[in-house]
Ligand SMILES: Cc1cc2nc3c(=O)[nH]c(=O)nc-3n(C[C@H](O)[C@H](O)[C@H](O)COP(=O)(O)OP(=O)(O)OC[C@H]3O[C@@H](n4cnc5c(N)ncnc54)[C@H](O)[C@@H]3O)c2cc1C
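Given as structure tokens, the chain that follows is alone and in the form predicted on its own.
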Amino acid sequence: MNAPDADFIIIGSGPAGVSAAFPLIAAGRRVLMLDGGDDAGSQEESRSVRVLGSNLESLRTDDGSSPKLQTPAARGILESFRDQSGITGNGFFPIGSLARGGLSNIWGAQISYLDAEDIAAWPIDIASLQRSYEHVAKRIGISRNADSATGADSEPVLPLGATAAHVLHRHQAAKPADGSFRLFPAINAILSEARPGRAACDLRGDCLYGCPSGAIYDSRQDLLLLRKSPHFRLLDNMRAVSLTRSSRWTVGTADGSSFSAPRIILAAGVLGTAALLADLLPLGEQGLRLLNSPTLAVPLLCPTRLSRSPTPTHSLAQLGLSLRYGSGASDYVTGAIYEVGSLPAQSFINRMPLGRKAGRAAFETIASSLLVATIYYPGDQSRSYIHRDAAMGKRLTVSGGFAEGFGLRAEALKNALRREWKRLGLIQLPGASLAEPGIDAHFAGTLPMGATGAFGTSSDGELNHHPGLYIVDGSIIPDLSSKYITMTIMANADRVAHRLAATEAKPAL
């Protein structure tokens, strides 16, 4: 028998994959990472190509999805997954990436941290997760938006946009009576100080189209560091399509290659991991449960900022918010507020009750006073399943929907938000929209850690009944709060990898 190709094979080069790789190579373990993409597209492009696309694709009619998903870069990243993954949606928008860096290429970069209450049902302690939050934060670099000189960590902060700063000051001057609504400067994975190979944010404001300076984190930056280690090897264009086990695990790829190791770590993203495991899991008629956060987008006008000049800032989240609007455990949402001035204009013009020409004129007049609030519900407000249709062979379909009683909760939330917008001096404009399930990712919970049975994993992410097969992406997050989940997925992958690195380097089978 040939020697294994590595001690660990990691499938996927996104945030979870790289976060798992660092602790393993630091412990001297040999790591082989298989990447479905390659480095194409990472070279700096002109601004017109980044904004309009090489074929002017951004000028075409949008499909109603988030502006974030309509940029040329996002379309190029998502299309390959749609074409090659074999996953379709029924009332669900399946988002995934085969590109190098995975979905970190289009991550909104907002940072949230879970607390002990958030993870009360998880089979881990909050201290271990907090240690890993610190590891990841130190590695990727984060910055707070503020109108003060320094943040809590004494690192320079990035300036708030003038409209966002105005709204924050109004909130601080007139807090809600019951304290249920919180508004605060957002924290983002953006550098405020330069690092080797990455420049600090230059406040150019076209962040959605890609950050040529590298100030916004994506996991391709980590791959440059990992490849300096003699214990790490990255293979491009190796889309994993099968997993088999004999004396050790073997990964088959789309081009017919195969690679073996005693331990496999799946970091392909929730949908990609489900597709890889479909032949190993008893999916049955109902299929595999999938959590995702329903998303509400609300356009807002700040009248006191009309006709004012915008101020230089980045175009990612300016403010974070949270709101409890009922007595139920799930009557809680979080979100972010964005300034609109540098977001894709066409996405907003298309939603105005005006003709295209009049809509553009109106947008240009009010852009500097426009905000968009993006609100996330907890994952238990979704009801989605991944299943296999016998008539479709190996293809998977994700059926999406909302939890029972969601409509009543949605109305209660809208009423509570209207009161807060009024208090903040904001006018809610027509065009608020609840996105189709799945459209803003935030997937989790298909193979939760701590669960028994075929669909559960250990606290270290090892799939039940399949020794040596570990999962570190969002699949093993047991439940999905309304908080942004990417930072927690990275921290949990770091936590799992530290535990694996501490084990003896011997075959698992």
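All of these numbers come straight from a predicted model, not from anything done at the bench. For every residue, the number given is its place in the sequence shown, counted from 1.
One more form of this protein should be noted, the form predicted together with the named molecule, which is absent from this view; the next part is about it.
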With the named molecule left out of view, choose which of Val136, Cys302, Ala240, Leu321 has a non-hydrogen atom within 4.5 angstroms of it in the predicted bound form. Ala240
The single option of Met449, Leu69, Leu32, Ala444 touching the named molecule in the predicted bound form, heavy atom within 4.5 Å: Leu69
Check Gly161, Val167 and Val372: does every one of them have a heavy atom within 4.5 Å of the named molecule in the predicted bound form? no
Is there a heavy atom of Ser293 lying 4.5 Å or less from a heavy atom of the named molecule in the predicted bound form? no
Even though the partner isn't displayed, in the predicted bound form is Ala16 close enough to the named molecule, meaning a heavy atom within 4.5 Å? yes
Are any of the heavy atoms in Leu24 no more than 4.5 Å from a heavy atom of the named molecule in the predicted bound form? no
So in the predicted bound form, is the named molecule close enough to Gly335 to count as touching (4.5 Å, heavy atoms)? no
Among 325 to 333, 97 to 105, 415 to 423, 280 to 288, which stretch has residues whose heavy atoms lie within 4.5 Å of the named molecule in the predicted bound form? 97 to 105
Any residue of 454 to 473 that, in the predicted bound form, places a heavy atom within 4.5 Å of the named molecule: Asp473
